[in-house]
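Here you get one chain, nothing else, as structure tokens; it is the form predicted on its own.
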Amino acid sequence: MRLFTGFLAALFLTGSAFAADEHASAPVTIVIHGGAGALAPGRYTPAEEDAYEAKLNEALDAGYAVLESGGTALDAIEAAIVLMEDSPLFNAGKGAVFTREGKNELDVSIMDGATLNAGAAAGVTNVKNPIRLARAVMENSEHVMFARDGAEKFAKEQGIETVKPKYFRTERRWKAYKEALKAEKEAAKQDKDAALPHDFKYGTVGAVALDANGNLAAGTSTGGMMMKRYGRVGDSPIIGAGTFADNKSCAVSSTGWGEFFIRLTIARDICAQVEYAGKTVEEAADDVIHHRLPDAGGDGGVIVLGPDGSYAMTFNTKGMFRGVKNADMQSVSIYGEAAAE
């Protein structure tokens, strides 16, 4: 009996050691995006390109530092997204675009691939870092999403930093808003539809990460669509459309024309193809972004990360602010072809 008990104990210890080795070998990785759209070469000056690339690298460094020190994927994506929310360069947090009424309304979501727990908020106007609110919803409430006044009340109860709405205003976004209003009025005089720039429909930040325990997480934060009407909510706070994470398949953060991402449940579809059809993250992302999405009339992009560390940064627009960091490399890009490994 003692021999049998000893055998079981040895077997248990061996299994534990194997599990520990398996987790220790997880290729910790973080992938981020700062929105897709009409980002053709020449859109930005060299100085502006340098500023975007520096901020993307800063966000990668912040997220990867968490992973490298043994932190969770959730902590890593929060660290990366907070940096982008605080930057006026991106359409999230400080750099959010304006609604038709001249307000900044923020949407956000986060998901834990280990538990399938998720949190989201829509239409908030005074939360400095919406990604922190989304995580609080996920961890400290029985709900998945709060909206508008309710979300802001919950943020206050949780002690999450709030600001006056004017904090989110930047002159660049305000100028674009005034130009859009002018274009709309001119079109109305001529009894025509306002031909707003197509890329007004874009602008989001997001991150996906894989930690040393083999857990995935995803998060997405946005100021939404320029000139959106009262109460409009896009895909960013919708689990399965803008954000999805499951350790059995992949983690996804989306950016693009939200109405189509909602209709096609883009993020979930990619992970479903990985889980049920046995596709790689690149194959699944390519099918959805280069076939299903444009066939429906939409465009945009995604970042995808698998539990084995494979990743894709796939888009069907002129460009997408994006970056990846793991133990072997760090890379950021704005224009050109999507990348996958």
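When you see a residue number, it is the position in the sequence shown, counting from 1. Since the structure is predicted, the reported quantities are computational estimates derived from the model, not experimental observations.
We do not show the form predicted in complex with a further copy of the same chain, though everything after this point is about it.
Stretch-level contact check against a further copy of the same chain in the predicted complex with heavy atoms at 4.5 Å: of 179-187, 213-221, 240-248, 67-75, the positive one is 240-248.
Within this chain, residue 117 lines the site of a further copy of the same chain in the predicted complex, having a heavy atom no more than 4.5 Å away. Though the partner is left out of this view, residue 145 does reach within 4.5 Å of a further copy of the same chain in the predicted complex, counting heavy atoms only. For residue 175, no non-hydrogen atom is located within 4.5 Å of a further copy of the same chain in the predicted complex, even though that partner is not displayed. A residue is said to contact a partner when one of its heavy atoms sits within 4.5 Å of a partner heavy atom; residue 88 fails this definition for a further copy of the same chain in the predicted complex, lying far away. Between the options 53, 275, 286, 308, the residue in contact with a further copy of the same chain in the predicted complex by a heavy atom within 4.5 angstroms is 275. The partner is absent here, but in the predicted complex a heavy atom of 231, alone among 231, 159, 165, 102, sits within 4.5 Å of a further copy of the same chain. Shown here without a further copy of the same chain, the chain has 259, 262, 263, 264, 265, 268, 269, 272, 273, 275, 276, 277 in 258-281 lying with a heavy atom within 4.5 Å of that partner in the predicted complex.
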